[in-house]
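Quick heads-up: it's one chain on its own, the form predicted on its own, in structure tokens.
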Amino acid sequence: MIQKLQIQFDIDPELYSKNPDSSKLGRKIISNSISMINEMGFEDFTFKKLGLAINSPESSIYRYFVNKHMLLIYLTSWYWTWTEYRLAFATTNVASPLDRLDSAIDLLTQPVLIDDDISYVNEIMLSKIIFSESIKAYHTKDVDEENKKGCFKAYKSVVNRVGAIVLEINPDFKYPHMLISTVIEGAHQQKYFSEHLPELTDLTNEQNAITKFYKELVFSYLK
């Protein structure tokens, strides 16, 4: 029997009332919330439905997260922490910053196709949620206060890491964070458009068209 990898990530304690990684119920909450949000969408997802799915009182879920919005922020933070782990793995010992940036754009613009089987998180489903739902984590009236608490630290860390590679290629480039956040958010939007509003994109059946577009944009801009 293949054992799941027991890699654990340190997620900011500001994002939860009780660490879901500390108990079987907490891990069950995360695992099932990912599958339910992926299936029904964030708007239709509720703690009541989650409680029924895991056969646990709704009140038990509130012991881990104050509301479903904070749960979504937790999931996005887990994803970006995992993404930075993958970025480090993919770019360590790669001498050329051009090659490192190329690999980074691959990771940032493509949905996950292989579940790495890390712990209790289905990375494929979570990737789909990030592409379609993660913007809802910070397009809120409380975003400034949540930002002060460090709720988006993991996402910013990814942008900082890849932005630093951009500056290795062109130390005089003025907009590394703007460039990388545009690539990430743009890739999410283009995938959403291709599935729901195809008139707003130019995607065809070409494999990895979104990734190819942003690589061309980035490397042309940095010349």
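Just count from 1 along the sequence shown to find any residue number. Values in this document were obtained by computation on a predicted structure and should not be read as measured data.
Omitted here: the form predicted in complex with a further copy of the same chain. The next part is about that form.
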item: Touches a further copy of the same chain in the model of the complex: residue 176 (any heavy atom, 4.5 Å); value: yes
item: Any non-hydrogen atom of residue 10 within 4.5 angstroms of a further copy of the same chain in the model of the complex; value: no
item: Contact label in the model of the complex: residue 140 to a further copy of the same chain, heavy atom within 4.5 Å; value: yes
item: Contact flag, residue 132 vs a further copy of the same chain in the model of the complex, heavy atom cut 4.5 Å; value: yes
item: Options 87 to 95, 141 to 149, 72 to 80, 120 to 128; stretch whose heavy atom lies within 4.5 Å of a further copy of the same chain in the model of the complex; value: 141 to 149
item: Interface residue in the model of the complex among 52, 164, 197, 66, criterion: non-hydrogen atom within 4.5 angstroms of a further copy of the same chain; value: 197
item: Answer option from 58, 168, 39, 185, heavy atom within 4.5 Å of a further copy of the same chain in the model of the complex; value: 185
item: All of 14, 48 and 106 with a heavy atom within 4.5 Å of a further copy of the same chain in the model of the complex; value: no
item: Contact set, 192 to 212 vs a further copy of the same chain in the model of the complex - heavy atom within 4.5 angstroms; value: 192, 193, 195, 196, 197, 199, 200, 201, 202, 206, 209, 210, 212
